[in-house]
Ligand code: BGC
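In structure tokens, one chain follows: the form predicted on its own.
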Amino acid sequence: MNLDYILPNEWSIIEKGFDQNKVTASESIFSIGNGYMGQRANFEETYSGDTFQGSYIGGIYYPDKTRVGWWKNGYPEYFAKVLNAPNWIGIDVCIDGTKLDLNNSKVSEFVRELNMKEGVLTRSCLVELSNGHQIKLETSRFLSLEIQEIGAIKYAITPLNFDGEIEVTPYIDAGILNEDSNYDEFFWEVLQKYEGKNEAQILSKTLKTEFHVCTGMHMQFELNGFEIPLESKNEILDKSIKYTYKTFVKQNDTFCTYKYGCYVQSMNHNKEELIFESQKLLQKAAIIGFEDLLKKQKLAWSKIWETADIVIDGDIKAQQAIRFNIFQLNQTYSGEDSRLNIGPKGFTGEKYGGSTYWDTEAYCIPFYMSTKDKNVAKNLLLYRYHQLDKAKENAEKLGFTNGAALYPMVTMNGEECHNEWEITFEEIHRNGAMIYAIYNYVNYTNDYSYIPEFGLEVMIAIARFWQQRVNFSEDKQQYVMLGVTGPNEYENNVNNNWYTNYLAKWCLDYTLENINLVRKDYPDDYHRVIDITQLKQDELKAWQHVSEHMYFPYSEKHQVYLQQDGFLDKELITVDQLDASQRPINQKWSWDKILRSPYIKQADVLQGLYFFENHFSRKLIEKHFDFYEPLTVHESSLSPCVHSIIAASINRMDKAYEMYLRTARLDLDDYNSEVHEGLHITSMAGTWLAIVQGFGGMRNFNGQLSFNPQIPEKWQSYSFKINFRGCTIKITKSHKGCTFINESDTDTSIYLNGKEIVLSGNQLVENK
């Protein structure tokens, strides 16, 4: 399905014309957030058609009991879910007694716009109600980057063919259910309700996890730009508070409701003071006012775009797509709080529970590391460090000993909570992503101190896991890894997944290397870590032996590493021979048929070659790309970006561009017919990688920052910036050549096509 209704625009996502069949898709695409909270783009007024109401707060979750028909030792007891929070955006509207509902009205000149430059969602339309009254409706909404607990709505109604009474009912609804609840349970308990003049609060707590959240609202009103006082009729129900205001409005006059909403919660405030803190915030917002809050919003986003923006000249759909991806990443995670992380759907839906996956370490770290301060990426690493004890508990439940750690596939607090056995028990490659992220961070930032202070403990625990997870095969005289699932989830319970085996070997080698470095250069930290871990020399020898004798499945006939031992037992029919009516296969085929097919959700071997490109020759990478790419259906959102990067590195620019568009417009064009469930936030980092590492050829092996820029034929030029070790470097590539500008005072050096170039502070270097 191609939605094909989002208009091309450099800085905005624009929908023209109201289509009831696209409402839930638009609610995802036009979502807003500020790193602290986020909302789907639901209408403020009542909508009786198909809709998916969603408001979410970072870090607030519930352990929903796992729905499973059988139980095995170590199986997670719950699936953690970011909770659909109390709804504060609601404003019911009646006009001369007739309820405003776009589902039951004639709607024309409908325009919805997500202004990515400024972080504002707007909507305008003409509406004819069933009583014949015609109005113009204009709304603006944003979640403040300046005051992260606050959001603001401007809701304006103009009668076009009548004088009459307009009734508005702003409300807070704390009776919200999660769409993905396993047992249709209500996850919140309402504790207290407070009503004041034009202001209200509801204090709730989550069941089991006992997060306390105060949801507040504050209202102001204007007529033709002048503030007016209105009296309210208040209705206090078990789980909601509604204030109703009425006013008489003449034809062509504009009546405007300003509604400020907030979430104040116990992760950041004393729970006994939440109502008071909410009142303070709302009064502060009301004093500042909507327009000045909006000015602050525009300024905050301009600072983000200074470094994060990628400019593409000559391809407006590609330009729109990359900005959409960058925008959503910044809405989802701002980086100040190491207790928060990035869910695959962010704040845009409930699929995957809003929990943390290995996506963060494998795909997101480079984006935040390069476009923000290094501490943002460091906080993502600390999130895992602080959960190390839980990772050890996860491993212990599965029978591992001696402080071995298995990081969860899905988590909120470090406990594994994924409820599919072939992933929970077998997709253990995520452990390797934890160490790869540390390597990536240290290699890029040159902040080696992270390893002795935090990272080495994680490495040792994961090395212990790998050493215990392998078996020594007497037949092969090598170590094998049985019963695993790689990133390609269309093969599970396989033996010797190449990617997992290679990652395990590398983890052992990297851990041994860093133990020696820390022993030499950080003796105090070394002794502290040895005391904590009780590491013995015979363990190091065992790790070395496993590394030196790891088995990797290989085909002499095809001269490629195999996805897993049994891959060549499959009938290797390429994707181009699949009837289009059979795609996507995960929605058309049985699971049994998928598992027996040669089709790859995302290519494990290519993922490994992307991570460790400097370990392999270009000729070998080309051979593997040509073997696996024709078998890949890209039904993982994380797949196309890796193919795009590898294709660019071997000069297959047509394929690189095709895969870039697929990853960049995955949600805007709804390639997998699932955007109504929410956006693919973590794969959006892959879109950034496809330009910066793919077309830009940026690499950072052995501490050397290098580029090999190429440009798609359709583009006239493109440019991006990165933060690298205190320097901001702008790279511009056109068909005539490329330029590098060091926008900082500090000198740095880069490698361009293998040749070192010194970039002096504030200097431009041109290469033709």
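Each residue number is its position in the shown sequence, starting from 1. The structure presented is a predicted model; accordingly, all values stated were derived computationally and were not measured.
Below, we turn to the form predicted in complex with this ligand, even though it does not appear here.
Would you say all of 92, 165 and 246 touch this ligand in the predicted bound form, counting a heavy atom within 4.5 Å as a touch?
Contact check failed for every one of 92, 165 and 246.
Note to self: Heavy atoms within 4.5 Å of this ligand in the predicted bound form: which stretch in 147 to 155, 255 to 263, 189 to 197, 634 to 642 meets that?
What the structure shows: It is the stretch 634 to 642.
- Do residue 344 and this ligand come within 4.5 Å of each other in the predicted bound form, heavy atoms counted? Flag for residue 344 set to yes.
Hey, in the predicted bound form, is residue 277 touching this ligand, heavy atoms inside 4.5 Å?
Judged by the heavy-atom cut-off of 4.5 Å, residue 277 is well away from this ligand in the predicted bound form.
Please check if residue 489 has a heavy atom lying within 4.5 Å of any heavy atom of this ligand in the predicted bound form.
Yes, residue 489 lies within 4.5 Å of this ligand in the predicted bound form.
| message | I'd like to know whether residue 601 contacts this ligand in the predicted bound form, with contact meaning heavy atoms within 4.5 angstroms. | response | Residue 601: yes, in contact with this ligand in the predicted bound form.
Please pick, from 385, 627, 522, 358, the one residue with any non-hydrogen atom lying within 4.5 angstroms of this ligand in the predicted bound form. Comparing distances to this ligand in the predicted bound form, the residue within 4.5 Å is 358.
Among the candidate residues 610, 671, 352, 79, which is the single one with a non-hydrogen atom no more than 4.5 Å from this ligand in the predicted bound form? Checking each option against this ligand in the predicted bound form, the one that comes within 4.5 Å is 352.
Within 680 to 709, which residues have a heavy atom closer than or equal to 4.5 Å from this ligand in the predicted bound form? If the 4.5 Å heavy-atom criterion is applied to this ligand in the predicted bound form, 680 to 709 yields only 682.
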